Ligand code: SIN
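Next up is one chain by itself, shown in structure tokens, the form predicted on its own.
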Amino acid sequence: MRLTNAQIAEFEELGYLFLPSLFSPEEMAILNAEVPGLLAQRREEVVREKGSEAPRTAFYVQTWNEVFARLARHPKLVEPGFQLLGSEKLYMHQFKINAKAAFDGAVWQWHQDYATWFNDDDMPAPRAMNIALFLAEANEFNGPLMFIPRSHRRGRLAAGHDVTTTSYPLWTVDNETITRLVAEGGIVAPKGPPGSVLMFHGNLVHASGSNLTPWSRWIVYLSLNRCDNAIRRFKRPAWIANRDFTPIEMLPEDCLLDYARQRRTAAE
């Protein structure tokens, strides 16, 4: 799936692009049937909220679940990355499902993802990005992602290492800087149904609030990086910062539906 010139220009101007309902209800049903079982697993890749049994993030899922292995190579997600990053040789720096569980989903502080990729992983340049697929509805109540438009144009900002607020250490931007950026660019919170896709720059400043609602806000993230921009430090586990720099090879656009067909055939 190729983006138009207008969509590419919007991404470059604002730092993000939102495409509502890009995946069909049938595809989302296939993905969502897997999620409760994934989040319930007791394994190191499934991080839980601080002081709670609620799941926060399930990492590296594409290596231990066939459906998400296919999603990680889906052309609706990968091909736009080729265009926006200017290369057809991309690898999966990180793959995760952020759960934001009903009632218990905690905050993600204001941050730039590239700050973590730079400070923890020694990624040479911000030639990486996130492509996020809403597995569940994101609305104004259940902790939607908040972006500061055009903040990616400021480059990598000074960040402090917050290891206490949540169960996941993060390089965060201070309140004074956020106040200044918001005064200049405002805040947006793209919302939409399952199947919607958000693409955003590695330097775009973003956050999300806690989820006090009975509606979990599941989002799967592909953090794509150019193969010629591979990380040079390996202090984080491979399931958080991937060390396999093999270029992604796309599957056909019907890869999720084909999986469901194969399962039905095998059951008959």
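Residue numbers run from 1 along the displayed sequence. No experiment lies behind these values; they were computed from the predicted model shown.
One more form of this protein, predicted together with succinic acid, exists but is not displayed; see below.
- For the options Y91, W171, F118, W108, the residue carrying a heavy atom within 4.5 angstroms of succinic acid in the predicted bound form is W108.
- Think of it this way: in the predicted bound form, succinic acid has a heavy atom of just one of W215, W239, W64, Y221 within 4.5 Å, and the residue is Y221.
- Partner proximity in the predicted bound form, defined as non-hydrogen atoms within 4.5 angstroms of succinic acid, places exactly one of 100 to 108, 183 to 191, 158 to 166, 119 to 127 at the interface: 100 to 108.
- Residue contact check for H74: none of its heavy atoms lie within 4.5 Å of succinic acid in the predicted bound form.
- Within 4.5 Å of any heavy atom of succinic acid in the predicted bound form lies no heavy atom of I178.
- None of the heavy atoms of H201 is located within 4.5 Å of succinic acid in the predicted bound form.
- When succinic acid is considered in the predicted bound form, S208 lines it closely, a heavy atom lying within 4.5 Å.
- Remark: all three candidate residues (K96, D113 and L145) come within 4.5 Å of succinic acid in the predicted bound form, counting heavy atoms only.
- Contacts of stretch 124 to 140 with succinic acid in the predicted bound form, defined by any heavy atom lying within 4.5 Å, are made by none of its residues.
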